[in-house]
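This document opens with one chain alone, in structure tokens, the form predicted on its own.
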């Protein structure tokens, strides 16, 4: 490596030792390329390689990183022709494409080695300086610069002055190496073995990493003694900077030691001030915090811990970093409500009026709140706070009912949305060992409420998540358990907090995602979807007056006709709640307000044709009942988050090998119901006069229309069984019959959910007969009277009862000649 390493390589010796070895192994390759030939004027002609932030010195081997096209062209030309280039630094390193005027006149004739392309788009080459050159003129043409230059020859004679300067330079360089951590000790050893004074000056200049102007100045210094003198000045200046840095480092260390000394002195000052009866600002602050702790009404255990933390804070210097952490903790303890509460308003008549005035329907929820008020009025001190869970489709008034309950009771209302919460610390808080730790959302909300008995709504509890940071639902088990939440433990406070006087109300759209242990702690109140008559009543009582008021139309005699509301509900919304209906009413009101603002006449009444005019074409089209009785088509009743719906089930038989195919975005449970229905049909083949071989030669395709909508659940079991029996026996299914129920392999009909919404959906599309499981008879109490009077609701226990009601008795296809005549009679006798 002797003579083949630049100053930059010295600085990166430890980090790039492997690359340094590669540079050394290629030095011999660079030596094989000859210097440029002198012409008759004693000049050389070479390509010019402009360099940014770099000056190449003779004898130094340096890796060059090149990205400009012109420079790449010069390198490739020189490397391909086995020629040297003139490496010259540019005056302004920020200039992307330097001109001739931007280049220095003195450079270094350089040999370029192998060209290596890097993944980042740059190119690196290995270069070794040969001799100083002074550019005389630049030549025109080419895609890169070419120039004629005069080589500079240095004297190799040593005088006594030169020898003295070399020793002085080495002595200074030794001190610089000792103080500069970026320079390895090997750099001084290498310089110590260089005998050529010019080479020594160039080597040390490269190693120092001084700015480009200083390096260029050294390159342009042709006199060796003068170059060594300038290098001595440069080394002296560098040594001064390094010594200053060393002094600053020592001073910082002494400051750290002094801070420890000040700590003890401050403690002595505190003792002296206490003896003299004097207090400083820090002592006054500690006294204020102590008074606040004593007035906060904390339990004895909590107050003891607060005073202990305060004592620990008082022993610290006022500017210590941990003081802020302890002070924040004490502020949380002080500002949390420990005793303050509001008195409940137990007037049942007032509560009934408030709930009925602000909400339509919802009898179960209202009845539960009135029961709570009645029990509290009779046993005010023994009643536990209810923990309710409102479950229902979006837009049915769950959150707004919580606000109304708070107003009814006269309590503070606070709300926390749990949608998307995945970190257990969101509920229980972070431990104080973490930077920026805070209590969980429960205690943050209690601090905001300011009382110990607010109405606390936990919204969207079914949207909780879980990941590597813990399960928030598990943390809520303690919050929502009356047997545990009197001593809720937050990780930040690390003291028990009483949540037993809080009335918790949670909301969810479905109960499926809620863990069973958490669900067991809550009293579930279902919010069913509104039927059409209820939506019209809500629109007339609440939505229309509010939208007229918000859009500045309350002083004008504008009314919404019942036919207009029917059109909005059926054609422009598809929901179980009334949120979208409210939006559509608002759209109509905005368009009427614009007509009024423009000076045009506005209608006194909004009817059905005006709805289409204001809202555009109808957006939703409900499925209608079948037009005629058909084979292999039965009508099922389904429940979605938007309410009930009718769902035709179609069965087609094809020649095949006994395969069964189910389409229409069917879930696993519904696929299993189809398999159970098919197995039941096969087991009763003789009863339906079917030959067993027919199943082996027939492919069955079951399809549920509206294939883009996912469907699942067991309630379509009897419908698929009916459609299958209709298809195999060629008996038409009655178009005016809809059904719901789960089927077993023995043909039993099991109960299902959502019966109320399903029956209302059948009534909405004009069906006359509805078949439901007998065990769902209890759900009929929720059906409005007019619907029960207009529908014939049939209760069944077995699939035979369903087939008797839903299928025609005789096949619609003539029987084949030769079939036994007694078989139909026997079958008829069984029925």
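Positions refer to the first chain, counted from 1. Fair warning: this is a prediction, and the values are worked out from it, not measured in the lab.
One more form of this protein should be noted, the form predicted in complex with a small molecule, which is absent from this view; the next part is about it.
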* 730-738, 204-212, 191-199, 389-397: which one contacts the small molecule in the model of the complex at 4.5 Å, heavy atom to heavy atom? -> 389-397
* Report whether all of 359, 538 and 579 sit within 4.5 Å of the small molecule in the model of the complex, measuring from non-hydrogen atoms. => yes
* With a 4.5 Å heavy atom cut-off, would you call residue 530 a contact of the small molecule in the model of the complex? -> yes
* Partner contact for residue 614 in the model of the complex: the small molecule, 4.5 angstroms, heavy atom -> no
* **Partner contact for residue 542 in the model of the complex: the small molecule, 4.5 angstroms, heavy atom** => yes
* Would residue 703 count as touching the small molecule in the model of the complex under a 4.5 Å heavy atom rule? -> no
* Structure fact -> Answer key, the small molecule contact in the model of the complex at 4.5 Å (heavy atoms) among 230, 546, 217, 491: the residue is 546
